[in-house]
Every structure is written in structure tokens, then in C-alpha cells.
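Just the one chain here, the form predicted alone, laid out as C-alpha cells.
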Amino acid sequence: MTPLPRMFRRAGLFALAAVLSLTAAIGLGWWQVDGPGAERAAGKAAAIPSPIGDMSFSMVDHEGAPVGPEDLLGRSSMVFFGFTFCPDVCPTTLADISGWLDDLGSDAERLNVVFISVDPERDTPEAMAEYVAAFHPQIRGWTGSPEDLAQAADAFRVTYKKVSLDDDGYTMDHTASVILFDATGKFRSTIDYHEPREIAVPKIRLALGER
């Protein structure tokens, strides 16, 4: 039998690698969404929030309207903590969230999507309004006083810390995961920073009550 030309052998290897990569991604997605990994994620609930209905805090949204936990009930919710001066994690995550919402299509309207500021000193409602306008229109910005933030962060079990910079400015360290709840306010899962879309979107659909 005549050996295949090298270029065809190489193309075959590339095709095999692509199939194996896709199979691995699908397998990982199943493991984290419907398989044993989903049980492990649920096991993290002790470090994440209790049901939203048990929370107590008050803030304002980027339009200046008062908001609180009650505004996250009745629809599934996606919550992310960050700040407008964030150099990379926050804009990257909000861009990812925008992409996930685009993938959901009209189902995105069934979600509360909230970006909560960990930098109340600089993130006024006006600053939040300008910032979230650069992303998906479903995303709402919430902010408040330092006391308001402390209550909200404690309710969601997230951490944040002010870090001084050499130029006398500061930045904020904070929890970078997106937190998912179902329509009753029960914690469902988290989406980690840079988690692949083929895993993130099915997690959101599970929070929406889909399989």
C-alpha cells in the first residue's frame, strides 16, 4: 500500500486532535454541569450565600433607585462583584457575561444580572451607569455606602480589600466568581473567571430551571 503523503498524515493528526479536544470539552462540561462536578459545586454552598430571601441589605442601582435582595427574587439571578476602575478582571468578566447573555437570546430576559461595586468611594450611580452602558443592556449596576457594601458582601459571602498603589492611588482585590441563583433565590452554582462558554452557559440554563 502506498504511504499517504506527509501533508495528508499531518492533516489527519490535526483533525484527530480537534476531535479529542472537542470530546474533552464536552466531557468536562457534562462533569461540571450534570455529572459529579455539579455535586462538588453544590458542596461549596457553605462558602457562598444562603438563600436570597434570608439576606438583608440595601443599595441603589445605576439609575439611583433603591434596590435590595427582594429585587433578585421571582427570576433567576446572576451576581458579580467588581469595580469600575478594575484594569482587567471586571471588564473581561462583564464582556464574558455579555456574550453568555447573547447566547441565551430571549431567555436572557428571564435573568436578573447585577454588577455590585466593591468601591463605593469612586463608584457613584453616575459612574456605574456610564460603565455598564458599555456592556449588555441586561446588566444592572448596584452601589451604595461602605456600610451597604459590607452588608451585601457578607450576605453573598464574597471578600474584598482595598490595596494601596505606589502612586498614592489604590485598587481593590475581590472575589472574581459569578454567582448564580434560581428564581426562588436558592444558590445554584458559580462560574469561575475565564470559565469556558460551553460550561458557563449550561450552568446559567440550569439556574433558569432548564436541563
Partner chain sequence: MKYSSIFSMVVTIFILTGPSLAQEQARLGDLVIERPWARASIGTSRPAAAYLTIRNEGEESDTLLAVRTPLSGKAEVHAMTNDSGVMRMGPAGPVEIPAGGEVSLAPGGLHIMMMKLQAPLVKGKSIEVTLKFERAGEITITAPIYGPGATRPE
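Computed from a predicted model, the values in this text were never measured in an experiment. Positions refer to the first chain, counted from 1.
Form predicted in complex with its partner chain: not shown, discussed below.
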Within 4.5 Å of its partner chain in the predicted bound form, counting heavy atoms only, one of 70-78, 102-110, 137-145, 123-131 shows up; tell me which. 123-131
Interface membership of residue 159, its partner chain in the predicted bound form, 4.5 Å heavy atom rule: yes
With the partner left out of view, is residue 63 within 4.5 angstroms of its partner chain in the predicted bound form by any non-hydrogen atom? no
Examine residue 171 and determine whether its closest non-hydrogen atom to its partner chain in the predicted bound form is within 4.5 angstroms. yes
Would you classify residue 55 as touching its partner chain in the predicted bound form, given a 4.5 Å non-hydrogen atom cut-off? no
Of the residues spanning 172-193, the ones with some heavy atom within 4.5 Å of its partner chain in the predicted bound form are 172, 173, 174, 175, 176, 177, 193
